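First, one chain by itself in structure tokens, the form predicted alone.
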Amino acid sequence: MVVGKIISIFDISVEVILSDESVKIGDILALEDNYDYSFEVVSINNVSATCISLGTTRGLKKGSEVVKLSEGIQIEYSDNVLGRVFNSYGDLIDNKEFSSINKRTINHDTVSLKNVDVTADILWTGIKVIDFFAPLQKGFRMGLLGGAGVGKTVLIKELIHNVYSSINAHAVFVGAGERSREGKELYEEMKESNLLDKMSMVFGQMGDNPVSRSKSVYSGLTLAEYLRDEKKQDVLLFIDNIYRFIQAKSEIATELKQLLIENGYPADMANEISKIEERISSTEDGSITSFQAIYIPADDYNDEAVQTITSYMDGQIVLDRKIAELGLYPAIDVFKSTSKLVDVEKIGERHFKLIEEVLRYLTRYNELEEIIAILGIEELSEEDKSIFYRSRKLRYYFSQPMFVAEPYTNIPGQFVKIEDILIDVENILNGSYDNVDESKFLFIGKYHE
């Protein structure tokens, strides 16, 4: 049934004069004779509706009649989502046959406060450097910072592999405003690693319009909520890149002539971020634990968008190019990587004090490197020599062979339990391994028998 007629078109913004009072914000409208032209209603003013186009507006004409398709963008909400690749609007883009069982709108309320579980278990990943320095709790939101070529994709694949192996958790990957080529590479790598059937993927690619780039996050969240609420599983959610979501929202706000704040961000930026982050939580049935890549514009950590996003994070994992250049993987900067779980009440006094001691050693090691470069190692005191050599062993120890990298390294992957990590770190710090060559600690799992 015809519900209105287009009266103006401006890039992605379309104005429709309504002939049906049932149309409301969030509804999807389309041309009566061509559903390829579709729009989401974002505001209603008396007899007209302002819409944003879900695709191109090229070829669209004033006076065209529109019909109502659905009450919001919908995506598959069934077991069929695993192993599949969707676009932001819930359509499959993997060229495989598909029979829909059930669909659900991507916009809905967050979990009720009474159903949120804040006492969820610790989520051990089997990756030494993460479990020791930045342990996760189910339902945590972790920022993942790092540029291209530092091992971000390998780390994501390893997390999916290890968490699925240990607690049978599936994963959802959301590509928001990233390159199409990178999305295709990730798809092929997951396929080769036999991880594709353990995850779902949603892509709103860089070349898409800003509406697609922003909706990809909501679609991915809906898939994750299905696995948590209906399958009662613990889910890993990867968003790459959450900053691009804000950029897309800024472009939409500009098109709609809405009020912008400093640096061109939308005035309701904090509200938009909260809608995303509050849907990422634990319940009694399951949990959604997220890793969100955050682009830092001009390396400015004080940028308003970065500050707003990180305020919702429970921790961050920072990948560093200098560490990658040393050949130490995963190339995680232990000084910048943090977690709210690093608390004596949560991880225990033993683990907490070991973190403090290791960071003290590594801080002193960085100072000693400069002294050695000038004066030579013989000028160090015996205590500083011990700190220097033990710190090198610690740096090597926190490298690790990855399961998903086995085809390239020919080194079997290792899943290391936290108790084994604590024992090895204690032994390195107390001098038990002083006579062991430091090369023995490079790319191993646990060291002690």
Partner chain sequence: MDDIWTSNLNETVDNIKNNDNIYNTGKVIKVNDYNIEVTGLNDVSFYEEVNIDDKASGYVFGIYADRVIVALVKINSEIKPGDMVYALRKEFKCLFSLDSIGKVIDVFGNDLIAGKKFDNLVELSVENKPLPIMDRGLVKREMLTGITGIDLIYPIGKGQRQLIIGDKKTGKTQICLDTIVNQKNKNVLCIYVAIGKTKKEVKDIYYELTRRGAASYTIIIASFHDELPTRTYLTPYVALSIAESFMLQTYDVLVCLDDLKKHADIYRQISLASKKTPGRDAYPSDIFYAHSRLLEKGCQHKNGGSITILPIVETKAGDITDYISTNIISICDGQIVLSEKNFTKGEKPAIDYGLSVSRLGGNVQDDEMKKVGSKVRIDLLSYLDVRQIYELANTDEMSEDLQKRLREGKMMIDCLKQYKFSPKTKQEMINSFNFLVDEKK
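Residue numbers count along the first chain shown, from 1. These numbers come from a predicted model, not from an experiment. Rigid core here is just the name for the largest C-alpha set that superposes within 1.5 Å across the two forms.
Omitted from view is the form predicted together with the partner chain, to which the following refers.
Student: In the predicted bound form, do Ser8, Arg213 and Asn410 all reach within 4.5 Å of the partner chain through at least one heavy atom apiece?
Tutor: Affirmative, all three are within 4.5 Å.
Student: Only one of 24-32, 383-391, 417-425, 43-51 has heavy atoms within 4.5 Å of the partner chain in the predicted bound form; I'd like to know which.
Tutor: In short, 383-391.
Student: Hey, in the predicted bound form, does Asn263 get a heavy atom within 4.5 angstroms of the partner chain?
Tutor: Looking in the predicted bound form, residue contacts with the partner chain include Asn263, since a heavy atom lies within 4.5 Å.
Student: Does the 4.5 Å heavy atom contact test between Phe403 and the partner chain in the predicted bound form come out positive?
Tutor: Phe403 lies outside the contact set for the partner chain.
Student: Are any of the heavy atoms in Leu69 no more than 4.5 Å from a heavy atom of the partner chain in the predicted bound form?
Tutor: Judged by the heavy-atom cut-off of 4.5 Å, Leu69 is well away from the partner chain in the predicted bound form.
Student: Would you check, heavy atoms only and a 4.5 Å threshold, whether Lys346 touches the partner chain in the predicted bound form?
Tutor: Contact check for Lys346: no, nothing within 4.5 Å of the partner chain in the predicted bound form.
Student: Given that the partner chain is left out here, which of Leu326, Leu359, Ala270, Ile122 has a heavy atom within 4.5 Å of it in the predicted bound form?
Tutor: Residue within 4.5 Å of the partner: Leu326.
Student: Have a look at Glu251, Asp333, Asp314, Glu277 for me and say which one sits with a heavy atom within 4.5 Å of the partner chain in the predicted bound form.
Tutor: Partner contact (heavy atom, 4.5 Å) among the options: Glu251.
Student: Could you pull out the residues of 361-394 that have any heavy atom within 4.5 Å of the partner chain in the predicted bound form?
Tutor: Result: Tyr365, Ile372, Ala373, Ile374, Leu375, Gly376, Ile377, Glu378, Phe388, Tyr389, Arg392.
Student: Honestly, after the rigid core fit, is Arg390 moving at least 2 Å at Cα between this form and the one not shown?
Tutor: Arg390 C-alpha, core-superposed: shift of 2 Å or more.
Student: When the rigid core is used for the superposition, does Asp437 move between this form and the one not shown (threshold: C-alpha shift of 2 Å or more)?
Tutor: It does, since the Asp437 C-alpha is displaced 2 Å or more between this form and the one not shown after the core fit.
Student: Spell out whether the Cα of Leu92 moves at least 2 Å between this form and the one not shown when the two forms are superposed on their rigid core.
Tutor: No: Leu92 shifts by under 2 Å between this form and the one not shown.
Student: Assuming the CA distance changes by 3 angstroms or more, are Gln307 and Ile323 closer together or farther apart in the predicted bound form compared with the shown structure?
Tutor: Closer together, by at least 3 Å.
Student: Tell me whether Val154 and Phe245 end up closer or farther apart in the predicted bound form, going by their C-alpha atoms; the shift is 3 Å or more.
Tutor: Those two alpha carbons end up closer in the predicted bound form.
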